[in-house]
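As structure tokens, the next two blocks hold two forms of the same chain, structure 1 and structure 2.
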Structure 1
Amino acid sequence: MSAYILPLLFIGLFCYAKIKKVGCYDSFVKGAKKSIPLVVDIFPYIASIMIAVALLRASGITALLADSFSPIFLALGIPSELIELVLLRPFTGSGSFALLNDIYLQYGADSYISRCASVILGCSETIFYVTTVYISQTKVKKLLYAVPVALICSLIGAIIACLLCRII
């Protein structure tokens, strides 16, 4: 069934566009033209976040932070195996999925750790990536409260994810 969802969605979209008399190809080309300046504007912000995350992981700082915060995270109900994932998730999506893959390979896809990791990824966001895109495209430059609140909510989501996985 899932193999047919995407083709059916496209067919439905093309039929709807035909009924509304909208040129699909022209709309696509117009949108693609608008995306090039957007990519040029966003690229420095995204590149800086990716470089920072790569440096943090390569230097071992994330592992050191995970060891340092281990007692706190354990008290909150987050297993020590997931601390690096919780710390990196606000910075990088692809890095988080790479960690998730490592967790699956090490603990198996049906283990408690893997289920917690999956729910954590599903209920959190790459906060700093979204923030950099937002800052690059709006006049708002001061996010005094938004980033700390988002980080706190991400931590609460991780705590609840582990709690729910323990119950279920």
Structure 2
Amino acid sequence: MSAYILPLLFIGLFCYAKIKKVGCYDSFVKGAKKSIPLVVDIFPYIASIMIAVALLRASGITALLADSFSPIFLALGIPSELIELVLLRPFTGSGSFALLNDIYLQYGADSYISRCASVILGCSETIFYVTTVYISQTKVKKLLYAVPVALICSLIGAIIACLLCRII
């Protein structure tokens, strides 16, 4: 089903553009040209955040944090198998998807743990990455409450995910 949504949207868009007498090719080229300067502008920010995350993981600090936080997570109803996933998720997208795959392989894709992990990943984002990239082209230095609010939401999302998977 979902495989058809995008192609249909594209066809619709091109037809609409034809009716409006817009040059599809010229517009597309004009837009696509903007991608290289955009990526050049955000590359240093992506590189810095990824280096920082790699250092945190390599040093074992994240594992230490996972250990010290585990009683809290258990009290909140998040199984201990998923703690690393919840902690890693705000930092790295590819890393957390790799972890999700490990969980599938270890517990089976249809187990409770795997279903929880799927929902947790589906309702959250790589908060630090998104924030870094989004403000990279502005002068904003002080984010005030943006990141804490996002982190709280994603923690509560994880709790809700584990609850929902028990019911549905």
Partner chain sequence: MIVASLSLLVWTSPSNILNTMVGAASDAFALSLELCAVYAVWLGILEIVEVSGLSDKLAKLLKPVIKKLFKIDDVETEKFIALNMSANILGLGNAATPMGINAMKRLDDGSGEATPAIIMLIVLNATSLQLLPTTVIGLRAAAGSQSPADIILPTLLATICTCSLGIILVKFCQRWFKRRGK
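Structure 1's sequence is the ruler for residue numbers, which start at 1. In this text the structure is predicted, and so the values were computed from the model without any measurement. If you superpose the two forms and keep the largest set of C-alpha atoms that fall within 1.5 Å, you have the rigid core.
One of the two isolated chains is the form predicted together with the partner chain, namely structure 2. The hinge separating the two rigid parts that rotate between the two structures falls at Tyr45, chosen from Val147, Pro79, Val119, Tyr45. Put simply, the smaller rigid part swings 8 degrees relative to the larger one between the two structures, by C-alpha superposition. Superposing the two forms on their core, we find that the Cα atom of Lys141 is displaced by 2.9 Å between the two structures. Comparing between the two structures on a rigid core frame, one finds that Phe10 has its C-alpha moved by 4.0 Å.
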